[in-house]
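Structure 1 and structure 2 below are two forms of the same protein chain, each written out on its own as structure tokens.
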Structure 1
Amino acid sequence: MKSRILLSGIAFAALAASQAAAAELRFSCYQDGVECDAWAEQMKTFEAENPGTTVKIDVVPYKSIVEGLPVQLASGEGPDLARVTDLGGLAKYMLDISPYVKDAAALEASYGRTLAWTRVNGPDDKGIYSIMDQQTATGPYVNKTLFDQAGVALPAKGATYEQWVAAAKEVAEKTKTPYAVAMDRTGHRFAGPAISYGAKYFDAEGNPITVDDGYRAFAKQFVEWNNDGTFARDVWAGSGGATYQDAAKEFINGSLVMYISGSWQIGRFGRDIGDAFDWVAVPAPCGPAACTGIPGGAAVVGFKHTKSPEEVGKLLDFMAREEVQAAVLAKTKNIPANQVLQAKGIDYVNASDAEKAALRTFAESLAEFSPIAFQFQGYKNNRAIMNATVTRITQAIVGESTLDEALARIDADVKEALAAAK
């Protein structure tokens, strides 16, 4: 009888230990295309390598990530991990997985520039809080068919904004195309050319300075281009406040020669343009200081409140592996944040030649982006800078203020927003 009780006790203890070791991780995932579906396939391999740990993927709308997730996290609740884009804003909730990964130095080498976006605990913060699964980059597209029809050669890599704009204007005139150049109405898109013209955006201590000589130089040129008809003026002048506006439809219908937007448009252009005309992505034009766009993207992150930090760390370590990232990116048609894969390239599934070429162009451009561009993207209050930029520069374009007045108001707006944030 005693032996039977002893055996029962041993069996119960073994069962309890097994249950304690098991973990179900909840992963809130939004997708623009098939990102969550691609990750679901990879979770089978992770679960096979880590018996007892399962991953439940909850596919949610992007609005839930932007609006609902912050509320959950503020109350100490929510999923174990999620796919997010507001890296700086959510960083205070993120789990440092560096104690749980096999080789933190290797992750640093592969993802270092984007890891910095979530390190908000000061210059000595070496934690690993995020693994990017989608890198984006801003930059131009051009209608190559219109260039060919006009007999104008595409400017070579290293060409300046002035050279590109002059070429696009010549093409528009020769082909009677309505618009030469357009740029999305957002301070995010404005920042790339501004940095190329010399804008620093931050002082040596990392405090925002916004308007300096470089920023002023591009702002002056941009306002002039909008008012002399070179840029599609209504993209910026047609809206007020910080309202976003793009010019994708104009590019798709062939009424725009050159469009400054970003890599997230690749799938849309591949689908909607089809074989109507030849389009290409081109490297970021140059200013006196740089040839840069602005990086961005989505990342998978774990959260401090999880009851299974080690398992979350192991999962993110798995998701960062080169072969795993390559398999997911091949299906999602996204640019890798992994710098090794940026150099190697991805064999994209079911992508057209135009899409593949554009993906390569943006991926190669990222390696040459200015460090200021990465600093700007990772700054937790960059929204204040972007909103002030688009609101006040538009006022200068439409004549509601002089350029000098607009620039003075930008600095005042940013200072006021930072004071409110504190």
Structure 2
Amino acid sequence: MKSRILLSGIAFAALAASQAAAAELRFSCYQDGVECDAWAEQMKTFEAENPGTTVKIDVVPYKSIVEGLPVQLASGEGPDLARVTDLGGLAKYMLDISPYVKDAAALEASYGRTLAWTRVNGPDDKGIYSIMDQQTATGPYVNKTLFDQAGVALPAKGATYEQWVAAAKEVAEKTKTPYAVAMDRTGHRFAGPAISYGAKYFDAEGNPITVDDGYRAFAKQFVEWNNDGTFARDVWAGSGGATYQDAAKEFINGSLVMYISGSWQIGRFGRDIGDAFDWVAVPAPCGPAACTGIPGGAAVVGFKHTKSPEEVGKLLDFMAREEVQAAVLAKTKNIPANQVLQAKGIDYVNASDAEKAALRTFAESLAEFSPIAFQFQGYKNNRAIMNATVTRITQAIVGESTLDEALARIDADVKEALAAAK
């Protein structure tokens, strides 16, 4: 009887110990295409390599990552990891995984440029807070079939916004296409052409200045293009507040000639357009100051509040591996953030020729983006600038305020937001 009790006790203790060692990591993941599905496949390998650690992927809408997650994190709650885009804004909640990775120097070499976007604790911050699994670049797509039907040549690399817009307008008129040009309703997309028109966004000390001559010049042009019907008015004027709105559906159904969006649409276009028409991504048009889009992307990050920091660190280290990234990127048809893979190139096995060409165009454009674009992307309060831009420029488009009033409000909104974020 005594030995039975002893055995039961040992069994119970062993069970309790194994449960203590086991860790279930919750990973909140949003996807533009199949990113979370691709990670779910890789998790099987990670779990096999790390017995006792399981990863539960919760696929959530992007809105939940943008609006719900920050509130959860601010109250000390939330998942162990998440796939996020607001790298600077959420950096204060992120876990520094450098103590848990095998080779921090190798990670630095592979991801150094994007790691900087989450280092918001000053120049001495050498922490590793994120592993980017999708580098993005904003830029335009055009419906080449419509250009061919209209007999209009695609403007060459280095063409200005005015030249592109004139060409798209001509195509729309000749082919009776409802929309000539559209741009996603977000301050992120607005920033690329604004910098091309000369917007500096930051002063010499790195403080945001938002509205300057360059910003004003593009804002004026953009409002005019929306009001004269060149740009699809529905996209910006059709929504309120800072609500995101894209025009992907219009591009996919062939009712839009030129669409200023970003590289994350490639997989969707490849899948949904198929061979309905020919589409191409083209280099960022030029303004008087530059020919730039905005870099961006999504990264997987761990959070400080996790009860399993070591496991989170190991998981991110696993996700950063070259072969793992390559496998995921081949499926998701995204541009690698890993600089070694950028140099080597990804074998996008299932990508169509159009998709491969678009990926190449965006990857090449990215290398030529303005340094201001990278600074803007890495600025921790860039969302304050983006929200104010969308809200106020829309007011100018619909006539609720003059452009001057809107620009003055943008300045005031950004100042207030920065004061609150101090």
Partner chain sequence: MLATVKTAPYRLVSAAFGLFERPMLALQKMTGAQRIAWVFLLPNLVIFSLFTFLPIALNGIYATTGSDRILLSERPFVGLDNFASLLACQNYLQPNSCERDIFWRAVHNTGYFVVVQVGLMVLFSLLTALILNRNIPLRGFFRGVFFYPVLLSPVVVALIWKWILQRFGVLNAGLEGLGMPTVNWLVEADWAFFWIVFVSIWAHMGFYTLILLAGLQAIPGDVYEAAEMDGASRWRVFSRITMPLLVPTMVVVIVLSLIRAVQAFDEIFVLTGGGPGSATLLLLQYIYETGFAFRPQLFGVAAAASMLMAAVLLVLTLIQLRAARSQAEG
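For the two forms, the rigid core is made up of the largest set of C-alpha atoms that agree within 1.5 Å on superposition. One-based numbering along structure 1's sequence throughout. Everything numeric here is computed off the predicted structure, so don't read it as measured data.
The form predicted alone is structure 1, not structure 2. Superposition of the core reveals a Cα shift of less than 2 Å for residue 237 between structure 1 and structure 2. For residue 302, the Cα coordinates differ by 2 angstroms or more between structure 1 and structure 2 after the core has been superposed. 23 degrees is the angle through which the smaller rigid part turns against the larger between structure 1 and structure 2, based on C-alpha superpositions. Once the core of the two forms is superposed, the Cα of residue 81 has moved 7.2 Å between structure 1 and structure 2. Core superposition places the Cα of residue 122 2.9 Å apart between structure 1 and structure 2. After superposing on the rigid core, the C-alpha of residue 46 is displaced by 9.7 Å between structure 1 and structure 2.
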